[in-house]
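The chain below stands alone, shown as structure tokens; this is the form predicted on its own.
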Amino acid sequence: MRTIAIFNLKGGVSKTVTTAAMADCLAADHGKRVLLIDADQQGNLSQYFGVKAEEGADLLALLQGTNEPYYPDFVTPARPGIDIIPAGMSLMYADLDAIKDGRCNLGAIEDLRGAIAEDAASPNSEDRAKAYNYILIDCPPAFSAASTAALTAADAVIIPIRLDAFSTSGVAELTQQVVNMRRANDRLRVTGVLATQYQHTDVEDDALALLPAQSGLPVYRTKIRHSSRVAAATFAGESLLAFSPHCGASKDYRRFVQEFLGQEGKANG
């Protein structure tokens, strides 16, 4: 089981869409079981999958320790092969509590990961069936308690990025923060930067060419093209891959997941 944090300190770079599209592609195209964790208090990933954060059964409850790390009512089925731990605006209290009295457990997602791993190793076939191949975490554009918990549990970070000056200039700071988190989690690595909302302009191509040297990070070969169908799919609350399978973004996300899985295979080979 691999845990992937989708992370950038800049908003509007398609973190949520990338998390959702990865999950849909891994489940529908590759037969993987995926657990999504919405770590953003805006709750956009939860909204996209039509799941409402309820008291005692959301990420806030996990971080505050008001529920077991892996409990049947805690994880909500979302789509075939995909479950989700939702979040909402109440998640801001995780940060308030962490600052106020330390009641926020920054190791909660790692504990959850451990519980899932126990199910995967269980001789009971029903327990094994509950296990996941991937945990994908949609992180907020900030170093909050939730994002810290995500990076504490993650094996890898994927950084979606728009090819503009504001997004590219912040990658160095983001990289340093990930390096700092390795003190708590030595598994953590940035597997790559993913260009999103790409429109094939000269400015974007120049930025993309400079990005590996500027950031010191690997950059995925696949670029996710800008498509109006992405916004339409979010309004419809449907998988982009099913809603508009032939649009450029859908095709690109499928290619990206193939590239990602190839990278995973090499890392584990």
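Numbers for residues come from their place in the sequence shown, where the first is 1. Everything quoted here is computed from the prediction, not taken from an experiment.
Absent from the display: the form predicted together with a small molecule. The rest refers to it.
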Heavy atom of each of Asp40, Gln197 and Ser227 within 4.5 Å of the small molecule in the predicted bound form:
yes
Does any part of Ala231 reach within 4.5 Å of the small molecule in the predicted bound form? Heavy atoms only, please.
yes
With the partner left out of view, is Ala23 within 4.5 angstroms of the small molecule in the predicted bound form by any non-hydrogen atom?
no
In the predicted bound form, does Arg254 come within 4.5 Å of the small molecule, counting heavy atoms only?
no
Does Gly107 reach the small molecule in the predicted bound form, with heavy atoms at most 4.5 Å apart?
no
Note: the small molecule not shown here; in the predicted bound form, the stretch from 54-62, 40-48, 209-217, 23-31 having heavy atoms within 4.5 Å of it is 40-48
